[in-house]
Structures are given as C-alpha cells and as structure tokens.
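Only one chain is shown below, in structure tokens, and it's the form predicted on its own.
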Amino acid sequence: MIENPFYGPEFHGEYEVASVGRLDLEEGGTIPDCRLAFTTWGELSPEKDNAVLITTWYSGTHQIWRDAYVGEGHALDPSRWFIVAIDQIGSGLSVSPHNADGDNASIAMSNFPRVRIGDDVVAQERLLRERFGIERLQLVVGGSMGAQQTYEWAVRFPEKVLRAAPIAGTAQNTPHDQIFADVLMAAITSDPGFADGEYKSNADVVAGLTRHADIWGVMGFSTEAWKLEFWRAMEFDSKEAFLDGFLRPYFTAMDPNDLLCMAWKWQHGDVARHTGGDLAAALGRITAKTYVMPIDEDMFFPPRDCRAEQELVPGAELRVIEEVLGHLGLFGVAPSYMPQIDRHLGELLATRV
C-alpha cells in the first residue's frame, strides 16, 4: 500500500466507502474485499423509484459530477432524484492497486488482477441492492469509461435500467482506441522509475506520468481547440503554461498502477462478450430508453462510431453535443456544454418508459 494524499476528501470531497465482499473477476482473478467509494445526493423515495446512477471515467471520480453536473437547476436535481455516483475500481478511491491493504494486501501494486467493465457493474449492482435496496434505476449515465459502464448496465441488467445516457463513449472499444490505450500505458511503464509496478511513490514515475499527460494534451482536446487557444479562458498565457500548470500536475498526482488498471479495462471494453462477439445481438438486448450522446469534436469517440452503435439499440436516439474542446469537454468548463447536457438529460428523464 502506498500513501498518496491526492486520493482523499481534500481533493475529491466527502464520500463513503462500503464493502461488497469478495468479487470474482471475469478474467479469473479475485478481489477478496471489494470496497467501493460512492457519494449520494437527495433522498431515496419510500418506493425506491427515484434512483439515478452515475458511473465515472478514466482518472475521474464523483468530484467532477458534483462540481459540474449535479445540483439545483440541473437535470440531475437532488430535490427530485436520489443520485448515487460510484467510483470505479482502480479510481484510487475505490479498491485500487495503490490502496490494497488488509484482506486485499495480496493484490497490491503489480499483483492487482485484471478488471473488466463488467466487474465494475456487478459490484455496483451489489452495492445498490444490498445497501439501498435499489432494484431499478430511472437512469444510468456516465461519460467516456462511464459510458462503457452505462452500456454494460443496460445490456447485462436490462430489467433494472429504465433509461440510459452514454456520453462520449462506446459499447465496444474501437481499434483506434485500443492502440491509444497501448500508447498511454507505455508512456508510464517505460519510465525506469516504474520498476515493474513496484515503485515506492508516484513521484518515482513522474517522467512517465508527464508523458502520459502530454498524450492526453494531443488527443483529449480537439485540433480546433488548440488553434482557438482555449487555455486563455482558463487564465493561462500560453499552451506551455497550460500543460505545466494544469494538465501535467493533474496526472502526475495520480498513482501509475491505478491508471494502468483503468486503461486496460477501457481498452478491453466490449458488451459483445455477452453474445459471443455479436455486437448487434448484445445491444439488441437493451430495453432502456437510450440517448447516445457523442461530442462532435471528440477524437476518441467521434459521432460516426457512436451512431453505428445507436442504430443497433432499439428505440435509441442520437443526441450530438457540440463542444469544440473535444473529449475533455466532459469536464464542463465551456459555458455551452452543460446547458446541452441538461437539456438532453432533462428530456430523457421526462420521457415515459
């Protein structure tokens, strides 16, 4: 176990951690004590019929949802909905390579087993059912890797999901993104300080984490965003200052093994595993009213990829978000982003199912 002050309430706000017990994984490994970090907003109705689940993305936690997506005036309004955000395995808050201790000590650091998107969803379903008695969700929503989890929920548990909103993500990872994940992982593991995953501190791997951050700078923001010098709106005076003052510190504070856990999971995301590789059959199982919500300038998950999947989901609609920042527009810093998200999610939640 490694102490890392980044993973705590100071940076992520208040949250709870609950165990869902032993989790046997799809790849054959086991997490002896699967602990999930989560936070809630609002009150669960006596009938338990107002629950919304938020799933998290790569490197992100519930914190960005709290800061940008949830609150009065948003579609995700706690005065109406009981909203649960669950941090994915490997996030650094839920059970992860760097924080594995106690019963999980045997899987710490480089010994952490391979985790799939489906493992997250199985653990999340157990937490919602055992802790809150929630058997049905009015909405599952998530961006990027959260979109992968949203699709997994809708395919694996169709009777439990009434509405689904995958934002800027796909149900089956594309060859392009599989290669991209390889490059992200290599940026970290090629640092000699990585020491085959047995480093003593994330600071030992700062060169690899910095390269990792720079790759996100290349692909996370659109080419047009860089031409428009988006960083000026964030009070940086050059692109180099933005990299040094924001993007690099964001990633170098994180644990390398945690990032690798999530990257492998993202790379291997594929709901067609439920149907022998038949994506159409898998997405055809979805009964939730689904809004597929790509970002128009996204270099990872362009609308054409999302549209191809949306056409396989019965009754699904394509709702394209216009956001010049590209994939990292998910952070909600552009003033035009959240009004679009709120409009689409509001319409989806108002749709009778």
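Source: prediction; values computed, not measured. Residues carry their position along the shown sequence, with the first being 1.
Just so it is clear, the following notes concern the form predicted together with another copy of the chain, a form of the same protein that is not shown.
Remark: none of the three candidate residues (5, 16 and 48) comes within 4.5 Å of another copy of the chain in the predicted complex, counting heavy atoms only. Exactly one of the stretches 38-46, 22-30, 296-304, 310-318 approaches another copy of the chain in the predicted complex with heavy atoms within 4.5 Å, and it is 296-304. For the options 281, 218, 206, 233, the one in contact with another copy of the chain in the predicted complex, meaning a heavy atom within 4.5 Å, is 218.
Listed residues 223, 201, 238, 275 were compared with another copy of the chain in the predicted complex; 223 is the one with a heavy atom within 4.5 Å. In the predicted complex, residue 253 stays away from another copy of the chain, with no heavy atom inside 4.5 Å. Taking the partner from elsewhere, residue 111 is found to have every heavy atom lying beyond 4.5 Å of another copy of the chain in the predicted complex. Within this chain, residue 133 is remote from the site of another copy of the chain in the predicted complex, having no heavy atom within 4.5 Å.
Shown alone here, residue 103 lies farther than 4.5 Å from another copy of the chain in the predicted complex, counting heavy atoms only. Along 175-197, these residues reach a heavy atom to within 4.5 Å of another copy of the chain in the predicted complex: 175, 176, 178, 179, 180, 183, 186, 190, 192.
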